[in-house]
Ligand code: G3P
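Shown next as structure tokens: one chain only, the form predicted alone.
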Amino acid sequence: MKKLMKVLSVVLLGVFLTACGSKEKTTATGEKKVEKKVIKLSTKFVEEEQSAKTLHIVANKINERLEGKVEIQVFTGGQLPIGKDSMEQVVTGANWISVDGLNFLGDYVPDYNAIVGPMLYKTFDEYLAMTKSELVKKLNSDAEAKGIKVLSLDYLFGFRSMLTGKEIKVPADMKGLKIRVPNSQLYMLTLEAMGANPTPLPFTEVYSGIQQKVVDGLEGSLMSIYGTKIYEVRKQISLTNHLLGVSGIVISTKVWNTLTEEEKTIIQEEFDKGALYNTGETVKLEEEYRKQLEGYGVKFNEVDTEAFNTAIVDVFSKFPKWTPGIYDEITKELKKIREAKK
């Protein structure tokens, strides 16, 4: 019954949101007037986080340039469905933009999970070069065939590390710890390989979950740790840098194809500009936030990176839906990217 009610609620929400699209109205003089198309953007990021601030800037620029023909409305902090439910809105053709982890894109095109697998990237630039590769362009094409238009994969919010109540140096230090992860097989297998007990929990419930001992800590970016104030309940950050925090921005192809070429161009341009701005701000803020967090009593710990690299090596072999040899393709592309930087 609960499953049926969830399906019905998703369908009804989709109908409601589709009804928010542009319509023609006839005025008293018989003149046809086109109302603006309203597209709702849903994200887990809270208002204080840089990604949310950037999305507001992008939406405002789009709305300004399109002069009322299209309006992007931003809903932060999980006010509207996020994660899997948000992606369902996109796939069913609602007037909706989903901003969430690539793992949710991976539910439809599994290899998206592979390109953000554990311990792949050393810098932001390596990942950003990967998103421009033919390998990732092929994934975007596969997504489009499933009704998902990828607007950007470049919204970074930092490498993810551990926030717990104790110092972590090696995987053995994580044994028995209940660590909050997104409801994603990639995250769960990665944390399990690192020695933890991965515990899926909505991000909006993590603060209270730590207080109530549902979880012992979380893995997350410095941006999220600072923005959500979870540092108030845990004070040890161990710099595992095990995954790169990335958001994909996607819209339904059905909705995208109703837009004019001018509208598509403006929307794409502003999301591209927003990605560049967001990365620049993230680099600056990570340094600033670290200083502030240290002022709040948070301790930063270096870890044995090689020990964690060894621990996660088998993760890439545990996804039967991934294209055979995808890890070799990624590492080959990474080698080219690194050689080009020399």
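When you see a residue number, it is the position in the sequence shown, counting from 1. The model shown is predicted, which means the values in this text are computed figures rather than measured ones.
FYI, the form predicted together with the named molecule isn't displayed, but the following is about it.
- request: Identify whether the named molecule in the model of the complex is within 4.5 Å of every residue in the set 159, 242 and 305, based on non-hydrogen atoms.
  value: Spot residues vs the named molecule: no contact at all.
- request: Determine whether any heavy atom of residue 182 comes within 4.5 Å of a heavy atom of the named molecule in the model of the complex, and answer yes or no.
  value: It does: once the named molecule is placed as it appears in the model of the complex, residue 182 has a heavy atom within 4.5 Å of it.
message: Is residue 40 part of the interface with the named molecule in the model of the complex - any heavy atom within 4.5 Å?
response: Close contact is absent here: in the model of the complex, residue 40 is far from the named molecule, nothing within 4.5 Å, heavy atoms only.
- request: Indicate whether the named molecule has at least one heavy atom within 4.5 Å of a heavy atom of residue 121 in the model of the complex.
  value: Because no heavy atom of residue 121 falls inside 4.5 Å of the named molecule in the model of the complex, the answer is no.
task: Please run the contact check for residue 46 against the named molecule in the model of the complex: heavy atoms, 4.5 angstroms, yes or no?
output: So residue 46 counts as contacting the named molecule.
message: Give me the residue from 271, 231, 203, 127 that has a heavy atom within 4.5 Å of the named molecule in the model of the complex.
response: Filtering the options by heavy-atom distance leaves 203.
- request: Counting non-hydrogen atoms within 4.5 angstroms of the named molecule in the model of the complex, say which of 86, 224, 252, 131 makes the cut.
  value: Checking each option against the named molecule in the model of the complex, the one that comes within 4.5 Å is 224.
message: To test your reading of this chain, name the stretch in 174 to 182, 140 to 148, 261 to 269, 233 to 241 whose heavy atoms come within 4.5 Å of the named molecule in the model of the complex.
response: In the other structure, the partner sits against 174 to 182.
query: Out of 293 to 310, which residues reach within 4.5 Å of the named molecule in the model of the complex, heavy atoms considered?
result: If the 4.5 Å heavy-atom criterion is applied to the named molecule in the model of the complex, 293 to 310 yields nothing.
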